[in-house]
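Here's a solo chain for you in structure tokens, the form predicted on its own.
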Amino acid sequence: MSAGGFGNSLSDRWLPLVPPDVQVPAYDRSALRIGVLHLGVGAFHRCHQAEYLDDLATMGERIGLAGISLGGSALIRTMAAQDGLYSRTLARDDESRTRIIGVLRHLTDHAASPETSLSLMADPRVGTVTMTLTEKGYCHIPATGLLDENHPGIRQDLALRLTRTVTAPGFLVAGLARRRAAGRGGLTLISCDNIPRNGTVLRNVVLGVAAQTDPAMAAWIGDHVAFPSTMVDRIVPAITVADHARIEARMGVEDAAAVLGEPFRQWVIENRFAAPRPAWERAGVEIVGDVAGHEQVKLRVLNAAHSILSLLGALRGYETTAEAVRDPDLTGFARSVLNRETLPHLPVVPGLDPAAYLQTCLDRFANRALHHRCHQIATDTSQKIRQRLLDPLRACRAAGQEAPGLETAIAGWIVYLARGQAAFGASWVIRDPVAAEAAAIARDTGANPDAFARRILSLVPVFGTDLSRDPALADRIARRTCLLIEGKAPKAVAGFDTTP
């Protein structure tokens, strides 16, 4: 039984009993036909892409959604028991509104039912596959955006010739092979994760796997599959027990798949499609010729500010970014870093004022209704740091500009890694693909922050050959790491005040 303790779960049967202040599907769910597949039916997808499709269904477009899990069946079983229904609550401080999303019509666990999920990939009615896998789900090398051929999952998929797959790239190639064998038309694959040029990265890893299994298959993919880049934006934290209880009390029914997010949302998709698609623009999606500008501004401003506040906030003992953003020292530091070192090198996006956008982001972080944990945002930073901090640092270097703030933020991540090691007190558990390497480095260097920082900075897959082999940069970041570990304020470590 979930937090509300009502004894009855949300389902088609219970929809008529939902209170009138909760919005329910205003369309015939049985009339929806699967046209979109989504890999990774996590909270962000349920609060973002699925909502857009639900909007279209409300407008009369009868396209349903199928959700495929690649890594576990617990959520799939939970949602199947609820007939694919779940509640989406949008909250700002003390105000909230709840809506039940009904567009999810089919759910399958690929590990348990591979034939079902591969058949969906070959369904002629399906023209689009979207995905939220998190950065590490692409099995790529962050510094290059290319397939990591040494990734254990990729090696397993290739060894089995894709007869059983455990990775997203392997599954996609196996599904596309099934589609090709059935003589079906093209398909559009859309990454909805925070990766620079996510369409290009997705294309790289899919073609990388295909080329090693069947060169003819790789050629077919090149001719029949589109990989548009996209930018998605909505803050969707992990839901708390208290949030769950409030939502279920409002609905009068249990909902084990409830999600909570902020009212703001945005979705920008590159106009590159290989098959019929939903008319997303009717629901507010921006279809543009080039998404790079939107993507870069979001990654280097909103996501970068989120990482800076979360990493440094965790070091100060804050639980959530809403707490960290209320610390004038941390917010002043984040604002100064971005204003001084990132915003001057951003591309021009028509209608967007970067400074105003930064302030909007900080205002969004202050939303008291969203308990977005600093440690949740800090998870997998090794996969995120390139686009949020390292590429802005590279832009400064190319312009001949010093970047003490970005260097301090990078040092903040290194301190965060250090604080997860026994040698430094083991304040928390590190959840990151480099966790094992960080632990080994800490064992070698002991409680020596300078040595620890230099070894972390030498990780070429994260920092690339340019940054990892720059001794002067290593000197500066190692020194800043030591100062942060000593408890110095970030603005003092960076060497500037927080006046913009």
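Computed from a predicted structure; not experimentally measured. One rule holds for the numbers: they count along the sequence shown, beginning at 1.
The protein also exists as the form predicted together with a small molecule; that form is not presented, and the subsequent description refers to it.
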{"property": "D233 within 4.5 Å of the small molecule in the model of the complex, heavy atoms", "result": "yes"}
{"property": "Heavy atom of C361 within 4.5 Å of the small molecule in the model of the complex", "result": "no"}
{"property": "is_contact(H294, the small molecule) in the model of the complex, heavy atom dist at most 4.5 Å", "result": "no"}
{"property": "Distance check, T144 to the small molecule in the model of the complex, heavy atom within 4.5 Å", "result": "no"}
{"property": "Residue stretch of 371-379, 425-433, 113-121, 399-407 approaching the small molecule in the model of the complex, non-hydrogen atom distance within 4.5 Å", "result": "371-379"}
{"property": "Answer option from Q156, T134, Q212, N303, heavy atom within 4.5 Å of the small molecule in the model of the complex", "result": "N303"}
{"property": "Candidate from T320, T89, N194, N204 lying within 4.5 Å of the small molecule in the model of the complex - any heavy atom", "result": "N194"}
